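Quick setup: one chain, the form predicted alone, written in structure tokens, and binding and motion questions come after.
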């Protein structure tokens, strides 16, 4: 309820700001105010299985919700001096936490060094997807929401640092190269509670080639986990205190569950085609780390067909952990305390494991130049002990299916 009240108040405050800005016309072309939003109705989840489209969102345990898909954003761009601009973007949505750190998505300076080279510094979106620059702008992409199997596992939506981008015309299109570095983090909701992660250095490189109809992207990024705070912290401490003669593997299990000091690497390739009638988009990725259960492969294929203002589309997506959950051995000494610790450890290894597939059908109706209505049905299969993308109230010891219905109105202004 508090999230709902905050969302409504923020809507009113931002629209009040827009009204005041329009009343004065910002007095100068140096300042440009724009915004975007989504008003959505969603039916998702079940009593024991909470469904969310991103880890930093509240989960939905069945029924209908008005605010799980709703987003409101406001962006201010300002020309400071020739070739130097500043950008601030504020995004309000149904997140687990509402504070300055989680509301300000962008806050950076952009400097045009040459016509082909641009440098930025500050807080920027993590450029790991085809939708990186407009992940929150529902009007800018085809679907009712980003593909969960592909976009949800990456819990960091922004980083603080700098990037350097080079653009070069090639044949009938252009080649874009980017390198970046800084630090990142996330505050997210998991089945076992909240997880707060900080990582640095965060660095990567992207290459893309784009023509009138085609776009290709290759991405590599990596980071080192520097701090983790989660409900597992107490479990790790307890495992480290278990005597070796009682449970020899306890300390090893603690080390595998602890993410601090572990490197996470990400590799991705994307392809998009749009000839004004057919729209095809696909991305595949591999996430690898020595942090247990992080290793993952995921991807999707989306195909759409335009008929005037209406576009029908379908999506097939899959995400699967590359490793099986670590097998937890039985302590050599039997006691209620150690038996309970064994069960908690086994659940800790099983909980983040992912084995989920979805088939989606949907349509987008462009009602006006800046307004679109979308409807989408997702049918999701989750395998036994593969519910790492869900919020589950009990261990997932069987295969389940979920149906998600989304209806939303997207707009820009």
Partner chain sequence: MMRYLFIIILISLSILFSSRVVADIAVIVNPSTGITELTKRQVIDIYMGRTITVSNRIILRPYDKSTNSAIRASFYHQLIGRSVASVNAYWARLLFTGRASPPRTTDDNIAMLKTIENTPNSIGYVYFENLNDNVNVVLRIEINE
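Numbering follows the first chain given and starts at 1. Because the structure is predicted, anything quoted here is derived from the model rather than measured.
Beyond the structure shown, there is the form predicted in complex with its partner chain, which is absent from this document and is the topic of what follows.
**Message:** When the contact criterion is heavy atoms within 4.5 Å, does residue 50 count as touching its partner chain in the predicted bound form?
**Reply:** No, residue 50 sits far enough from its partner chain in the predicted bound form that none of its heavy atoms falls within 4.5 Å.
**Request:** Give a yes/no on whether residue 412 approaches its partner chain to within 4.5 Å in the predicted bound form, heavy atoms considered.
**Result:** Yes, residue 412 lies within 4.5 Å of its partner chain in the predicted bound form.
**Request:** Could you confirm whether residue 263 comes within 4.5 Å of its partner chain in the predicted bound form, counting heavy atoms only?
**Result:** Contact with its partner chain, no.
**Asked** Is residue 278 a contact residue for its partner chain in the predicted bound form, using a 4.5 Å heavy atom cut-off?
**Response** No.
**Request:** Identify, from the list 203, 216, 139, 291, the residue with a heavy atom within 4.5 Å of its partner chain in the predicted bound form.
**Result:** After the contact test, the surviving option is 139.
**Asked** Among 318, 167, 282, 326, which has any heavy atom within 4.5 Å of its partner chain in the predicted bound form?
**Response** Contact with its partner chain in the predicted bound form is made by 167 alone.
**Request:** Among 360-368, 38-46, 55-63, 375-383, mark the stretch whose residues have heavy atoms within 4.5 Å of its partner chain in the predicted bound form.
**Result:** Only one stretch passes the 4.5 Å heavy-atom test: 360-368.
**Request:** Verify the flagged residues 108, 120 and 306 against its partner chain in the predicted bound form: is each one within 4.5 Å by a non-hydrogen atom?
**Result:** Each of the three qualifies.
**Item:** Within 4.5 Å of its partner chain in the predicted bound form: residues from 56-89 (heavy atom criterion)
**Value:** Result: 75, 77, 79, 89.
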